[in-house]
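Let's start with one chain on its own, the form predicted on its own, as structure tokens.
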Amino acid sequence: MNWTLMSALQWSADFLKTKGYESPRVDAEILLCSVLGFRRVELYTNFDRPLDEAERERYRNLIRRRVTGEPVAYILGEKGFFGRDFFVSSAVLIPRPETELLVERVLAAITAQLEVDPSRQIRVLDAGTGSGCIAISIAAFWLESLANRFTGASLAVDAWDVSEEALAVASKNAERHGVATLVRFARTDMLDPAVYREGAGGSGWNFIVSNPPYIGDEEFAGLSSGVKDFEPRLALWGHPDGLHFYRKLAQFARPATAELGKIFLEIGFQQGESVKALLQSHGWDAVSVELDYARHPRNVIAVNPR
């Protein structure tokens, strides 16, 4: 058989479809592009180009990995998020599009605060940073859009994770996107109350943001194999009811937050009212449950009134 781009693509997409994958054509296209160094549109402008033996073998190996359930992002070693490509490995959760909305809301709050006080020194904590996608996206936006607009202001981002392997990935991403001087990574257990007291200093963080593990036992059992078998359990499992990390954040983060500072949390779509109640029970004010673009509860935001 004369394996052209189109015939290889069609065969692999059909094969992945028989295995039950949700986006077989897209997966096949992305993996073939990685072999050839093409953009996806180039597959179709070169549809009759033959694949040589080395290209066919590399492509077959990638398809074999995908058939095992390994996510495309891990196969490629990177994932797009908030307009940038981030290195990923099995040590970190794959960034999701839903989390981009969390970043948008933090950036809107930072901008609003600077419009009131253009010389403000902004401190941000990203608790459970993983690949660093949240912290780095905030810092990169600062450099690109805010630093020149608010010349008297400054930004410092602390990014914590308990996993050394995750922090190694995050540090590479900070270097990749030119924000290594703005983001300070630390191996820190976000469930330890002492680290909040030590890190907050005298004034506290203006904004604390976290996408913590929030999958409970029942939901964890029903996860797809691509998530359950390949992504780090450490970044997914929120203990039996999925709320363990929110309980600790609600309690520990408030004393470490500046007056009128805010906390931004990503949640599972059924957790909005539970997380809201936890924050209120620890004295957070103006607690709101915000929807994502699919109209599902996705973020909980609260203010420290002290």
Ligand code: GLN
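Computed from a predicted model, the values in this text were never measured in an experiment. In this text, residue numbers run from 1 along the sequence as written.
Heads up, the form predicted in complex with this ligand isn't pictured, but that's what we're talking about next.
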Which of 112-120, 200-208, 136-144, 95-103 has heavy atoms within 4.5 Å of this ligand in the model of the complex? 95-103
Single option in Ala73, Val169, Ala235, Leu155 placed near this ligand in the model of the complex, where near means a heavy atom within 4.5 Å: Ala235
I'd like to know whether Gly226 contacts this ligand in the model of the complex, with contact meaning heavy atoms within 4.5 angstroms. no
Would you classify Pro213 as touching this ligand in the model of the complex, given a 4.5 Å non-hydrogen atom cut-off? yes
